[in-house]
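Given next, in structure tokens, is a single chain: the form predicted on its own.
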């Protein structure tokens, strides 16, 4: 049976006592996608990953991973799923090569040819003597070698210098692009390094305070967000923020200028829409936004809404 989605969740939620850590989330991660899981500290990213990998049980709802119920994943399931976290535990007394040789027999698809060389990993050095960047390389090598159908990475770039990050990303992409699976390898990666993520992600999941704000392809996300500056005729009257469309986020105005983030700007009639709201507009500038600036705008907008409701 062909599974179109690598990950599916239906009203998946987690609470600890009276604290709701993750509100009901329903989403789908397509097979072969590279999906960025983004959100500030405490947004629920690691909790969601642990629910998907059966590290934590859900309070309610359900999830499937590669067609299997997440709550039923066993050791055999992880011959198809690779997991790397920023606090990866490894047998410190082993050498890098010894670690790889130990893991190989557990995986029928194991192939670590040239992998240590690609990552500049010293095979005879013990894991306990590796730097943080080297340890993350070793952790990545340990999953890339068995060519999993799904790779889950929780903050893999945290604290790493740019050269190491680039090498990790390059090796990751080279290996997954070399996969013979017609559906490709799916990657779910949680990271604060939004600039790096944007360079290779195809989809985005955005969590905020345990809630799912959206999940969509990266290209449609960046197409619908614009930073807009409108020059106004001084003789006109600027509308109050409450009268602006809901898709105009973080408005800031002076008698002659209005700036805002347009969160639904992919239409060809953007200028017509703005002139309809602002008939005294003289000129309109709409600039594209990066994933990082979109993230910051959404977080600031959410905080502003929370304060207005308080």
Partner chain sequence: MNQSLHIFRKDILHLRPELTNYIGLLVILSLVAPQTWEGAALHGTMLGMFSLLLKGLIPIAMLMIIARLIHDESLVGDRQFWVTRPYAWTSLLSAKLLFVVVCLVLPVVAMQWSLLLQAGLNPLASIPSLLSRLVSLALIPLLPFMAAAVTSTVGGAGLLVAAFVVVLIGVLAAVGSEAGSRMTPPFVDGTFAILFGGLLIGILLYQYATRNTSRARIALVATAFLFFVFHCCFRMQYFAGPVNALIRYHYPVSTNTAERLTFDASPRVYQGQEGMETANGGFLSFLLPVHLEGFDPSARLHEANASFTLDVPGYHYTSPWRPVTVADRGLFLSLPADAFKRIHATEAHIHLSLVAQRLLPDTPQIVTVANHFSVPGGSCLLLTDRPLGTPLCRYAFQSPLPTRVNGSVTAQFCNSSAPTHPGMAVMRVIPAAGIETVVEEPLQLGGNVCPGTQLTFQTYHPADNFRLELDIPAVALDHYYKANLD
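The model shown is predicted, which means the values in this text are computed figures rather than measured ones. Positions refer to the first chain, counted from 1.
Beyond the structure shown, there is the form predicted together with the partner chain, which is absent from this document and is the topic of what follows.
**Q** For the three residues 225, 248 and 273, verify that every one has a non-hydrogen atom within 4.5 Å of the partner chain in the predicted complex; reply yes or no.
**A** Looking in the predicted complex, the three residues 225, 248 and 273 all stay beyond 4.5 Å of the partner chain (heavy atoms).
**Q** Scan 54, 28, 263, 33 and let me know which has any heavy atom within 4.5 Å of the partner chain in the predicted complex.
**A** Of the candidates 54, 28, 263, 33, 54 is the one lying within 4.5 Å of the partner chain in the predicted complex.
**Q** Within 4.5 Å, heavy atoms only, which of 229, 79, 111, 233 is in contact with the partner chain in the predicted complex?
**A** Of the candidates 229, 79, 111, 233, 79 is the one lying within 4.5 Å of the partner chain in the predicted complex.
**Q** According to a 4.5 angstroms non-hydrogen atom cut-off, is residue 214 in contact with the partner chain in the predicted complex?
**A** Because no heavy atom of residue 214 falls inside 4.5 Å of the partner chain in the predicted complex, the answer is no.
**Q** May I ask you to state whether residue 200 is within 4.5 Å of the partner chain in the predicted complex, using heavy atom distances?
**A** Residue-level check for residue 200: no, no contact with the partner chain.
**Q** Contact with the partner chain in the predicted complex for residue 124, defined as at least one heavy atom pair within 4.5 Å: yes or no?
**A** Outside the cut-off, so no.
**Q** So in the predicted complex, is the partner chain close enough to residue 99 to count as touching (4.5 Å, heavy atoms)?
**A** Yes, residue 99 is a contact residue.
**Q** Using a 4.5 Å heavy atom cut-off, which stretch among 204 to 212, 153 to 161, 79 to 87, 169 to 177 contacts the partner chain in the predicted complex?
**A** Only one stretch qualifies here: 79 to 87.
**Q** Enumerate the residues of 94 to 110 that have a non-hydrogen atom within 4.5 Å of the partner chain in the predicted complex, in sequence order, or give none.
**A** In sequence order, 94, 99, 101, 102, 103, 105, 106, 107 come within 4.5 Å of the partner.
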